[in-house]
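Okay, so here's just one chain, in structure tokens, the form predicted alone.
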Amino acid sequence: MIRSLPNSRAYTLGFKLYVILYFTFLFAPLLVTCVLAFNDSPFPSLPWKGFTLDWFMADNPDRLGIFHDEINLSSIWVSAKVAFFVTILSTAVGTCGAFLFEQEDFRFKQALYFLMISPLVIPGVILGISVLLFSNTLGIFFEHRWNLDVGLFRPGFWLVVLGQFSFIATLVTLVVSARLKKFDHTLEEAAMNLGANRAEVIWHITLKFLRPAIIGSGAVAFLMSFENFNTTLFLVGSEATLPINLYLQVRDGSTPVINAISFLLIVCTSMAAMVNLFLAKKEEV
């Protein structure tokens, strides 16, 4: 739509209809999931049987709410722990990577940049299998060569963290790099002329300028790690993350507690997005 040109009535109506259908397609499944979280039915689907909070609060043999479901609560905690460590590692390494790729005299810059973004274009299934095979190969080598059983090379918590970190760090690097390209480096030169050393300049000026991008990319990294399924499926051990646990429940048949979990995640994610938006606007002011 070109705002400076007059548009016909049919075009305007068609554009509005497209917008309505687009957002309906995006949000209707989420709305249905949220509504069914309060459905008084043993099945996570329609028809509507009445309002209930059992799928949140119930603690009896027939119905077990999410706040009393130790398996699902444990998987949520595992996902949160994985996402926390992935966010810390990805944010630190991604920010350093952004500084590295902004160096003008950096040799083999284009080749290494291509290698950096390759995990984003590789399917998650292939990435998960590759990390698993690589870790198994290293584990067998250490065991046969030095008779060492390295737990890091077995499917489990830390292998999931490393597997997710391998591609989420790339996303952080791209986001921070985009912000860093807008930075006026004369501010650094002015601060150093006034007596600040290199560490003080980076901490008080450069990182302060990059703070919105670092916080935003960190939030995205946390969400991507929390909901990751494809890569995690091949690396998870006895401690299942929430997406893996939900997949197993849906495959074997489950109750509307899945809808209750989805409702809580939607609410928490929406609140986090609103807080992030508020902080971003406050930062601009």
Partner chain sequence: MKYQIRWALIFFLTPVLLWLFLLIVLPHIDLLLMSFRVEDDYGEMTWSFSNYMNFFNEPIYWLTFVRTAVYSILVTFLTFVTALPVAFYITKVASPRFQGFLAMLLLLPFWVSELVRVYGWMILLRESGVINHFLLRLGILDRPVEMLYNDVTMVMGLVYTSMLFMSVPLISALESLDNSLIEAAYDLGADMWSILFRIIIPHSMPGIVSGSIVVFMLTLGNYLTPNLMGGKNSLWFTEQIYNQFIASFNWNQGAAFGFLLLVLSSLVIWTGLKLTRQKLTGVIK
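Here, rigid core means the biggest group of C-alpha atoms that superpose within 1.5 Å across both forms. Bear in mind that the values here come from a model prediction, so they are computed numbers and not experimental data. Numbering follows the first chain given and starts at 1.
Only in words, not in the display: the form predicted in complex with its partner chain, which the text now covers.
Only one segment in the set 163-171, 141-149, 80-88, 67-75 has residues whose heavy atoms sit within 4.5 Å of its partner chain in the predicted bound form; it is 163-171. Contact annotation for the candidate site: 121, 129 and 233 all lie close to its partner chain in the predicted bound form (heavy atom within 4.5 Å). Contact with its partner chain in the predicted bound form, judged by any heavy atom within 4.5 Å, is made by just one of 190, 215, 112, 201: 112.
Under a 4.5 angstroms non-hydrogen atom cutoff, its partner chain in the predicted bound form has residue 181 among its neighbouring residues. Contact check for residue 197: a heavy atom falls within 4.5 Å of its partner chain in the predicted bound form.
Residue contact check for residue 209: none of its heavy atoms lie within 4.5 Å of its partner chain in the predicted bound form.
In the predicted bound form, no heavy atom of residue 237 sits within 4.5 Å of its partner chain. Residues 22, 23, 25, 26, 27, 28, 29, 30, 32, 33 of 21-35 are found to place at least one heavy atom within 4.5 Å of its partner chain in the predicted bound form. The two forms, fitted on the rigid core, differ between this form and the one not shown by less than 2 Å at the CA of residue 53.
The Cα position of residue 195 differs by 2 Å or more between this form and the one not shown after fitting on the rigid core. With the core superposed, residue 106 shows a C-alpha displacement of at least 2 Å between this form and the one not shown.
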